[in-house]
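In the block that follows, a single chain appears as structure tokens, in the form predicted alone.
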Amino acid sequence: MGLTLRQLATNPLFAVGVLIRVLMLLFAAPVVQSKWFVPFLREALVHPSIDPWSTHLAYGGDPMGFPYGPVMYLLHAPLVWLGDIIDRSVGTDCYAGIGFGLTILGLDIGCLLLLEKLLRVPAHRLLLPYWLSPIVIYVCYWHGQTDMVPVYLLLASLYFLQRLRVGYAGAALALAMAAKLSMLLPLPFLCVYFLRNKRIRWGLGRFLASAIGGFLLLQGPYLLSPGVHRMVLQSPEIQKVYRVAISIGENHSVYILPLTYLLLVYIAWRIGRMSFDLMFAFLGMSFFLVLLLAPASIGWFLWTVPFLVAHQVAGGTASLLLVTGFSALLIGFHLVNSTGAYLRWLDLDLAGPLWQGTAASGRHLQSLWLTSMTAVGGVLSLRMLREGVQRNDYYRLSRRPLAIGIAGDSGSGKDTLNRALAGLFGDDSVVNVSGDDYHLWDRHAAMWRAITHLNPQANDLMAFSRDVLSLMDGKPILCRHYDHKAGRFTKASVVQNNDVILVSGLHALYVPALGDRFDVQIFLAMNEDLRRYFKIRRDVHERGHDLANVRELIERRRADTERFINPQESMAGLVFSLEPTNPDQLELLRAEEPALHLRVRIRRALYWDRLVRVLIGLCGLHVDIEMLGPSEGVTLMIDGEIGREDIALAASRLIPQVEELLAVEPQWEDNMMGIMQLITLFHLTEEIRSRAAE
């Protein structure tokens, strides 16, 4: 990936594509360019004006001359003017047209490079589906349409959006819309993408300000121009949107294309959280919708090419055959019915359509051909969306909130792991539920002399389970909060559901009906000496408790730990046990963290071998493996030091589209806590993927 043009130039397929394009630029003079586009731009050179559309009409120009916006004009004008100067100097009439085509060629190469980055595939895999695409070659270089300009700008917008450079993404979309008004079509889907992803919702305002503000800045001054109004806003291309309609009265009709388009936007909204790839699939389907429900011009089909390329790259033989069939039907139909090109130097006129008859049999044959092309296009659009959903792990993760349950003894690190996981997903996407909030009494109640917090009877586990299940079902809850410093409960407040539910507590896995609903069940079985060390340090130094009372409480709770807490380990798919590398470090309550190694038991999962390969090969850690019984899984003993950057890299290797699942800037931890983050995230995605497969 990331090939340069020099590297691409050594590929024979790329060279063939370049040769075809150059030959067509030199020899083919498309009718639409030589009749409309190039004369319009040449006239702007002869009669300079800030409103070349009105000037064109004032000098008796054809209203079909240039039905595009100012960006299209500004991009094509320089090379056309340069070619026109050459034509006037040497007495020819071809270099202005060649200059027009060179602009398309430059953007064509740019689309290839952008698709490589957007689809995350090596450029050589795009040479057949894109660079040698018969649709691209026919539409741009034989028929002469200039839709490559808005397509390139749209891909640039998506490229910036994929990298969360939302201001640039909006600016590129503004340029696309100001080149051709049809590029307004992606805007609602891009807004849905922002709104349905809390991790990037912050960027919607900046994106819209850049997109709409930029569009109004570029196009706004021309909206009152009579020339733009006639040539662009009232062009036959725009009117095609209203061609397919159902009459519901003498003076009213329902326009099928806008209706279906709005329904598709609604479906996208109802999908819920949407990954970038799924949004990309919706864009492709929206463009296909326009082609299928309107008398589409040949240039419109270029809008679908990037999405057809993505479909072929990700699909199999069936995808390749469908796209090939669609391309053949499309080009065959337009060769017969649309204008072509005049061949310079050869003095060969192939400008007219091949069929100009009026016989009824011919019209029926043409209609059947068009029907077949529409049917194949419809199948393609549905497959693009369906397979985009099916292939998209993030979509499967997003159908309901992700729920992670963390259980363990007091002082075992539940809150620490909870905070670490919340740092990955981001505060905007996480709701926390703490078992401490469901104690029946505050710290000062006399009941604590007879019963410990570890006893289920000291906790309202029914309310705890009910509230967590409500959040899983997307409903808000009313919950009080236990203030550890004051030892009292706060006033109950509304807690809204969120994308990720992190549940931690002494009894998080105690109720089977609740434990079974978690996507990941974690039990923290910390080394007992280390647990006592952390609990004393926390309760004495952070919560201000008396050291003697803390030690006495630890001893008094031991029986309840064995009876009520430790049995929850059997419910967990992941069991983390931190152990001190040097137990002598625990004798003093030092501020610095003791050196640790991590023991992990992974139950009912087959992914551990991939995890081990990454931990050893990429992270440089030492991993010992102990195979347990079929129902017990495997235990990994992990030693070594590792930084958060390496852990983030390991996550990107193990988990496809991991950036879609996490915060914009996920907070990875160093060393063993970072490894616990990595394993939890990997286990989460593998569990949900396996359930979806079942």
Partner chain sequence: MSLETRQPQLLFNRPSVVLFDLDNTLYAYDPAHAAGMAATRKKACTLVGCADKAFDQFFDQAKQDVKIQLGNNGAAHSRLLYFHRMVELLGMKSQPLLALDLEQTYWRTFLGSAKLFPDVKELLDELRSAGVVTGLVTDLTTQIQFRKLIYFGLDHSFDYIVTSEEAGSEKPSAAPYALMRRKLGETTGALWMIGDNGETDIAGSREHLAAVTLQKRHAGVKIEAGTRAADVVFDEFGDLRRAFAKAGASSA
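Computed from a predicted structure; not experimentally measured. Numbering follows the first chain given and starts at 1.
Omitted from view is the form predicted in complex with the partner chain, to which the following refers.
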property	result
Segment that reaches the partner chain in the predicted complex - one of 610 to 618, 521 to 529, 423 to 431, 488 to 496, heavy atoms within 4.5 Å	610 to 618
Non-hydrogen atom contact Arg653 with the partner chain in the predicted complex at 4.5 angstroms	yes
Exercise: Glu665 in contact with the partner chain in the predicted complex, heavy atom 4.5 Å	no
4.5 Å heavy atom contact, Asp62 to the partner chain in the predicted complex	no
is_contact(Leu649, the partner chain) in the predicted complex, heavy atom dist at most 4.5 Å	yes
Option touching the partner chain, based on a heavy atom within 4.5 Å in the predicted complex, out of His124, Arg230, Arg419, Arg383	His124
In the predicted complex: members of 7 to 25 within 4.5 Å of the partner chain, any heavy atom	Thr10, Asn11, Pro12
